[in-house]
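Take a look at this single chain in structure tokens; it is the form predicted on its own.
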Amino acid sequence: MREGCVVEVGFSEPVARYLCPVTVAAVADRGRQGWVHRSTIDDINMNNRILLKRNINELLARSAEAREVYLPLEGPGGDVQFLPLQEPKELDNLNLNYDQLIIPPKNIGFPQLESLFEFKDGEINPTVPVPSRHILFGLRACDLKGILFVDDFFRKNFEDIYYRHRTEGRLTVVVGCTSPSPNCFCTSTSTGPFIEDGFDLQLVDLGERYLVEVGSENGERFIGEFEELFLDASKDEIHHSGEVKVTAAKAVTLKVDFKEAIRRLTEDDVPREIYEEIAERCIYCGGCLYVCPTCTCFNLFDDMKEGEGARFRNWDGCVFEGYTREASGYNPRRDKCSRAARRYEHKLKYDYQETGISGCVGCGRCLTSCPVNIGISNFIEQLTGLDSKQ
């Protein structure tokens, strides 16, 4: 058995990082002679288990006795949505092999429409949700990255109590993506098809079973609750999981020069003509905003009648003309070009400058949802001159 897992320089970085299974304790060390050293197989073995696929329904049904369980369920038309498990028979519709959800699961913590408080006769009654233990089972790596991004947005500077209560007691279970959407470019953004940190558990498909990577104490405690359903992972299974990750990374065929795009935006090196072309084509339907796993723009409005009513929060977006219109009627982004620029600057410039992390996770939903074939990957290709199909 090898003393450690190593990868050679010949592999691209997105592929190289999957040549060994990565756990929360695995740390890359770009060492001498161009090798990347990962934690040893013996160390990794301590943090990995095996879950047979035939035991998943039992695991979820038993989990639902004490928690809310959200999972990918396939509807009659074949669409897969991340929904709460209402009754055990719905597990027959469980689909862990989906390529992409239409609506990202960020809406569990940040609903498209939510009541903030009710008022009547001068009295205000907050409608803060009650925290609950819940599991997000079957997430894709890019969607968990999106959730973690939204976590940061609602918790920095001012902690949003509505969001906090909806996300307290959360356990995240990622199922690595082995059949990516053709519009996905997660290897370019280093957000998939497997995640390296921020998860509680991550499942790697080995055929009739999953290798379960433990990423937190929360995940370890969950396994302890159902210890009889998990087995110890062998060294061969751990090695196999590394091969699965490499194959999955190679299956992502859309490549963009993400780092160069961020550099050019942060240095204000974007020709205005690119934004003008996008503005001319865009019909401002908002589809890209509503399917984006990191968009956090919202609006507040009151629904009132005869002295009583409620205040609501709903999703909004920076490409809409009314979003930046001020009470005076002045709009600093009245023209389409400036609003088109705002979206890309938000994702690839301001978010990066503010947090060190881009607001794009490479899921490709914006391109998939766009009726006129505009997506962030198209924008990056045009900006950097990179042919994504090479």
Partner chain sequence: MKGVVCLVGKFEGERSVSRILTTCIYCGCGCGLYLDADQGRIIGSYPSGNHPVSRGALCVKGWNSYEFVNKLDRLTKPLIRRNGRLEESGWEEALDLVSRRLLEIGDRTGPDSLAFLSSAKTTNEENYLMMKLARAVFRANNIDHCARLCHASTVVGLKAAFGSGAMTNSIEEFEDADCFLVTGSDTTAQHPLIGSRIINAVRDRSAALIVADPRNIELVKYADIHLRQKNGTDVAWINGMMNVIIEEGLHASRYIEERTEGFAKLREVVKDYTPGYVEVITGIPAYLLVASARIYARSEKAMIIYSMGITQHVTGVDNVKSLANLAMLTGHVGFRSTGVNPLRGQNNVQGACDMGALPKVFTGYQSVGDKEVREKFEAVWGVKDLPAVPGLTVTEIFDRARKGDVRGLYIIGENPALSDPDSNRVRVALQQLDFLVVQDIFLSETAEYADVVLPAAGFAEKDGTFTNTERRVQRIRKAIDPPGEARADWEIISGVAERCGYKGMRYSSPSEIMDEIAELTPIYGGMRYDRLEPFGLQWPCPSRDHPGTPYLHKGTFARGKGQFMPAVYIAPDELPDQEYSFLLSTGRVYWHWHTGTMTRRTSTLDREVPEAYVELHPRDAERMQVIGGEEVRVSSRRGNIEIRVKITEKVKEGSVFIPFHFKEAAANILTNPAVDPTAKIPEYKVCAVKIEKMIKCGKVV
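Positions refer to the first chain, counted from 1. Just so you know, these numbers come straight off a predicted model, no measurement behind them.
Absent from the display: the form predicted together with the partner chain. The rest refers to it.
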item: Interface segment, criterion being heavy atoms within 4.5 Å of the partner chain in the predicted bound form, picked from 132-140, 231-239, 194-202, 251-259; value: 132-140
item: 4.5 Å heavy atom contact, residue 336 to the partner chain in the predicted bound form; value: yes
item: Residue contact check: residue 245 to the partner chain in the predicted bound form, 4.5 Å heavy atom; value: no
item: Partner proximity in the predicted bound form: residue 76 to the partner chain, non-hydrogen atom cutoff 4.5 Å; value: yes
item: Contact label in the predicted bound form: residue 53 to the partner chain, heavy atom within 4.5 Å; value: no
item: Full three-residue contact with the partner chain in the predicted bound form, heavy atom 4.5 Å, for 113, 285 and 291; value: yes
item: The unique member of 181, 218, 81, 178 whose heavy atoms fall within 4.5 Å of the partner chain in the predicted bound form; value: 81
item: Residues within stretch 113-129 having a non-hydrogen atom within 4.5 Å of the partner chain in the predicted bound form; value: 113, 114, 115, 118, 119, 120, 125, 127, 129
